[in-house]
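One chain follows as structure tokens, the form predicted alone.
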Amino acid sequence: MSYEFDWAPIWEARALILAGLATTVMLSAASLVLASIIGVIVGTAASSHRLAFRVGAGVTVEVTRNVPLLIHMYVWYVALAFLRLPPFWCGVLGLSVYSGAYVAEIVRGGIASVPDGQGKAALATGLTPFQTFFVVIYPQAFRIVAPSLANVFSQLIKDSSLASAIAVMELTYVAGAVEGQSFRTFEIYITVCGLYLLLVTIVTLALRFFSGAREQAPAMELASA
């Protein structure tokens, strides 16, 4: 038996598919920003000289990473039901907290890879601890951890499909609706695979380009000097 592809129902549902894609982009973008903020804060705390900060950050990372993402989704969705928080933002919180734990470990490793003398020298020149991190430590750490961050961000985009479990009308949720109406399973999921591949590729290339530009900037400044 041979399967006959019919892409007409997929084309007819293009507006719904594009709406789901837009929701996936917004969900992923909001989660990327919030996960980065969480990761930087927790990762910096894990690199602190204060034991309480290190222990608190370590417990947060271990507890968060050892709970499946789908459970995070359900926890936020149920726990915040009394606030009538839309499913979209429950999905953002679940993705951000879960991915933020992985970002935190990457940030901690990046900070640890920067020689300790860099921070001491910055403080000796009169910079505050806050300025030292943002002017000296973070730029060097980012260039080191950029490939690892690209992997986490790519995984976050793919993990956003789990938001369909809490009724977020993102790409996977829409694909299920289109498949249920048209019964064209292969066509819709091939389309969805291509769209996810496109999103992940764009984010990965953008981060690589940005990190490459950051690496070339010091060299250009040195050459001009």
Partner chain sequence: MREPIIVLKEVSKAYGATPVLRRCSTAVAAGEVVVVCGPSGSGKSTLIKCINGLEPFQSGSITVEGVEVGAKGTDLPRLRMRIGMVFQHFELYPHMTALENVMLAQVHALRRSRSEARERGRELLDRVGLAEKADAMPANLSGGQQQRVAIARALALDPRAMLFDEPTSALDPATISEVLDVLVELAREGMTMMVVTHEMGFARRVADRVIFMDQGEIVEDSRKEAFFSNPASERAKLFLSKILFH
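Please read these numbers as outputs of a predicted model, since none were measured by experiment. Residue numbers count along the first chain shown, from 1.
Although not depicted, the form predicted in complex with the partner chain is the subject of the following passage.
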- Query: Heavy atom to heavy atom, is residue 122 within 4.5 Å of the partner chain in the predicted bound form?
  - Reply: yes
- Might residue 155 be said to contact the partner chain in the predicted bound form, defining contact as any heavy atom within 4.5 Å? no
- Task: Report yes if any heavy atom of residue 146 sits within 4.5 Å of a heavy atom of the partner chain in the predicted bound form; otherwise report no.
- Result: no
- Query: Closest heavy atom of residue 128 to the partner chain in the predicted bound form, within 4.5 Å or not?
  - Reply: yes
- The single option of 97, 136, 150, 106 touching the partner chain in the predicted bound form, heavy atom within 4.5 Å: 136
- Message: Only one of these stretches, 69-77, 85-93, 98-106, 137-145, has heavy atoms within 4.5 Å of the partner chain in the predicted bound form; which one is it?
- Response: 137-145
- Going by heavy atoms, what in 106-120 lies within 4.5 angstroms of the partner chain in the predicted bound form? 117, 118, 120
